[in-house]
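Heads up, the chain below is alone and in the form predicted on its own; it's given as structure tokens.
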Amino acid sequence: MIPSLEQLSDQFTRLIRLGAVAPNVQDSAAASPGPTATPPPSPGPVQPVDYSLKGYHLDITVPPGQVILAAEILDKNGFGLDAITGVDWIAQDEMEVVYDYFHPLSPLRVVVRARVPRSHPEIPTIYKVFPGANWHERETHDFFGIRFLGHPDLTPLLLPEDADYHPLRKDFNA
């Protein structure tokens, strides 16, 4: 069965209401102007989005401890994992992990986001739900320094084995 956008929104909204998934709302007052400033927080953690503007249909924000639950919900609804990447919000002293999901039998695309502090960038791995996440998490660890707790092998994937730097962090100097 192919889920509808409304069904997915309802599933995540019910979980949030029950406290299983809580929103990760950012304080927009702390944002500084300019290209490193974070956009104002969205009205809620589950947001339908205009696909023609963003390239996805549903944007879900969860706390780091709930990324596995979000992955399980999407897996049960027939979604596949497309990509995992990071975003360095240096002005807010946070790192964001972005998970892109697709449905192979429908045009639905979902983005799940979770933010972690830059000083302690750790988040649970989802590779047990989506085994293909293994490589995406290794690449994100290489380039952003985000540690995926429970991951079986975070050795460098694309950087030299002795690399002790993360080149996509905004404070990286070559």
Partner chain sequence: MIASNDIPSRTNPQETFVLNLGPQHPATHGVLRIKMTMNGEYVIRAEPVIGYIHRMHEKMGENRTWAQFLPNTGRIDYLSALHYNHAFVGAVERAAQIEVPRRAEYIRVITSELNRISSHLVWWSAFLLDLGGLTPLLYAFDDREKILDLLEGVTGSRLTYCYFRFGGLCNDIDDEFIQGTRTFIAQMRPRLKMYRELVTDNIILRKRLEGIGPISAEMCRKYGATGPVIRGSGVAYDVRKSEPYSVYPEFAFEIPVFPESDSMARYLVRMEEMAQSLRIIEQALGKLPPGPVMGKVPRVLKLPPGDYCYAVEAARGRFLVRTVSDHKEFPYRVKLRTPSFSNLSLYEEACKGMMLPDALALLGSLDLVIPDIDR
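Positions refer to the first chain, counted from 1. It should be emphasised that the depicted structure is a prediction, and the values quoted were computed from it without experimental measurement.
Although it is not shown, the form predicted in complex with its partner chain is what the next lines describe.
- Of the listed positions (Pro48, Gly65, Pro117, Gly132), a single one reaches within 4.5 angstroms of its partner chain by any non-hydrogen atom in the predicted complex, namely Gly132.
- When contacts are judged by a 4.5 Å heavy atom cut-off, Ile84 counts as touching its partner chain in the predicted complex.
- In the predicted complex, its partner chain sits within 4.5 Å of a heavy atom belonging to Lys54.
- When contacts are judged by a 4.5 Å heavy atom cut-off, His141 does not count as touching its partner chain in the predicted complex.
- Although the partner is absent here, Ala70 is not a contact residue: none of its heavy atoms lies within 4.5 angstroms of its partner chain in the predicted complex.
- Shown here without its partner chain, the chain has Val98, Asp100, Phe102, His103, Pro104, Leu105, Pro107, Arg109, Val111, Arg113 in 97-114 lying with a heavy atom within 4.5 Å of that partner in the predicted complex.
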